[in-house]
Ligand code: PAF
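One chain follows as structure tokens, the form predicted alone.
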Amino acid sequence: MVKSINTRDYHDWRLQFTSENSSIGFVPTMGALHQGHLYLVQQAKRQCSQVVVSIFVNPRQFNDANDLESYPVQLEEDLALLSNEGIDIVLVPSIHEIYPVDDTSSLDMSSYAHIAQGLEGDHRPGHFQGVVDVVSRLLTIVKPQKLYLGKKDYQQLKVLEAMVRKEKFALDVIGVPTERAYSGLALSSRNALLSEDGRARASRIYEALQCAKAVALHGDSAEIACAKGKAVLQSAEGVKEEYFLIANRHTMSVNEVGSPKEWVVFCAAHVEGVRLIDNVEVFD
């Protein structure tokens, strides 16, 4: 049966795995787990001798207090899902274990700030600062050899890759492809906030992304590909576009996107008041 532990108990458990043949894979989450999270866990289990999952709803990465308040919390259900995957240890730290009362410090992101600009960086001020703060602290606690992150949060993946390099964490960052429902809708904890009809409407986001990808593969410009994808999204009833853009997969620049082999199509949209993000790589 899976056991949820705090930071102190984790340190005691971690002492068992110090040999060169031991490898720990780490999957950080905010809970409300779904098949996408479990796919990360499964990938980690295939490559590592031990897998650690954390559940911590990080207040620093929410720029909207209402978004934080409405974020689904279901710890018992999450632990049951992880138990079914054969996970033994789940790190569930308290807020004060991650952010001690007298510690208000944040990481210096200046060397990779350009990756955190545009896209989510423009629409969620402070979000990536909160992400690097919490993940760096979790990595210091967990001390894994591999970090598993989903490509659904593509810009976040690139920001965290840069953070790991700058802070010299001795680990590999593994980007895992997005898990999707049969309709194409990217699996997300936020999907639980949608009605069945809302989830059906939200599947048009993937349809729009795939349209833009097909146009790009046909040899058209990024501008034309975006315009065609946007047209699909804007024709979808009940889906409100926030942004629909092509960016460079390395720099996240939407102004200098490079060659089509470096393009990623990004979308953020609202359905039933729920904010959803997704992306597709033009050449995956």
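Owing to the predicted nature of the structure, the values given are computational and were not obtained by experimental measurement. The first residue of the sequence shown is number 1, and the count goes up from there.
One more form of this protein should be noted, the form predicted in complex with the named molecule, which is absent from this view; the next part is about it.
- Look at 215-223, 26-34, 238-246, 251-259: in the predicted bound form, residues with non-hydrogen atoms within 4.5 angstroms of the named molecule sit in 26-34.
- Taking non-hydrogen atoms only, E120 never approaches the named molecule to within 4.5 angstroms in the predicted bound form.
- Mapping the unseen interface onto this chain, T178 falls outside it, with no heavy atom inside 4.5 Å of the named molecule in the predicted bound form.
- Remark: D78 does not count among the residues lining the named molecule in the predicted bound form, judged by a heavy atom distance of 4.5 Å or less.
- A residue is said to contact a partner when one of its heavy atoms sits within 4.5 Å of a partner heavy atom; Q129 fails this definition for the named molecule in the predicted bound form, lying far away.
- The listed set V159, V135, I205, A186 contains one residue whose heavy atoms approach the named molecule in the predicted bound form to within 4.5 Å, identified as V135.
- For the stretch 218-235, the set of residues having any non-hydrogen atom within 4.5 angstroms of the named molecule in the predicted bound form is empty.
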